[in-house]
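Listed next as structure tokens is one chain, alone, in the form predicted on its own.
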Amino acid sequence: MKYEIIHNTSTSSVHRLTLPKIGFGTWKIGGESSADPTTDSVSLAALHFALEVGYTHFDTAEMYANGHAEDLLGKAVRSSKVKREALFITSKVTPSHLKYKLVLKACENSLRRLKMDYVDLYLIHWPQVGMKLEETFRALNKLVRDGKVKHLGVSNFNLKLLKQSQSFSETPIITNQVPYRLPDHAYIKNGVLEYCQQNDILVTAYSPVQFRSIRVNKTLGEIAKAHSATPFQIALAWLVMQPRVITIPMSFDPKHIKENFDAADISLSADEMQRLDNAWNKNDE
């Protein structure tokens, strides 16, 4: 199941993009803040299985395992039977690289590690205090014009920064990647979710089940049972049933990788969505 984004540009041409509702995140692939080669075999196995299952959107970043996640993702793609053009690859530039020349160099390094000619989506990973956003986007816009990046987005941006990004970007901002999950409604309260839904911007929810540590209460358990699904699948379905919301869970466990992927096909009723919205407000145990 996919979302189609349609943007009317200043030239009246139509910009179309389709993205699967559930992609595969790569945080902890190849390590965490630094590379850990001892995890390469299990990391590559997870990536290979995700490709076999049918994931087409893979989200990575130069920050993940200090670039090693990009190395492993590129290796897995090259050794798979899936063509590069059938995939949607997202990467991100770190906050310390937001100056003009550093953005260009960061992207070049990501492409070198991935061994790819372009990434489909390039994000500012986090905003940085004192950053010159216009300068950052001057570099990002050049990357798009040069064909090294297909689409631009941001991550962890509040509403003010998101709107500023739109004003500096020569192409549509297609997503704001934020921490969004049950029962965390922070990005509902700060207005980001509603703004994105009204302006054809995807909210990409990361850590959607907090690495399976999300608290399973009575309501979540009952709805999972009714759908013959796991509570974590229902938590993912709750996200992607919302307009303009996609998510990027990850797992090393083949069973969970498949369950996450299948969660996109679960259809929750309006009543079930409402019950999940309110369950934690009622301290439902």
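These numbers come from a predicted model, not from an experiment. Sequential numbering from 1, following the sequence displayed.
Not pictured, yet referred to below: the form predicted in complex with a small molecule.
Using a 4.5 Å heavy atom cut-off, indicate which stretch of 101-109, 150-158, 131-139, 194-202 touches the small molecule in the model of the complex.
Of the stretches listed, the one contacting the partner is 150-158.
Is W238 one of the residues lying within 4.5 Å of the small molecule in the model of the complex, judged by heavy atom distances?
Although the small molecule is absent here, W238 would stay clear of it in the model of the complex, with no heavy atoms inside 4.5 Å.
Any non-hydrogen atom of P249 within 4.5 angstroms of the small molecule in the model of the complex:
Judged by the heavy-atom cut-off of 4.5 Å, P249 is in contact with the small molecule in the model of the complex.
Answer yes if any heavy atom of T94 is within 4.5 Å of a heavy atom of the small molecule in the model of the complex; otherwise answer no.
Looking in the model of the complex, residue contacts with the small molecule do not include T94, since no heavy atom lies within 4.5 Å.
So, H256 and the small molecule: in the model of the complex, are they within 4.5 Å at any heavy atom pair?
Output for H256 is yes: heavy atoms within 4.5 Å of the small molecule.
Within 4.5 Å of the small molecule in the model of the complex, do we find a heavy atom from each of P183, T219 and Q274?
Contact check failed for every one of P183, T219 and Q274.
Answer with one of S79, N190, Q166, Q210: the residue that has a non-hydrogen atom within 4.5 Å of the small molecule in the model of the complex.
By the 4.5 Å heavy-atom cutoff, the listed residue in contact is Q210.
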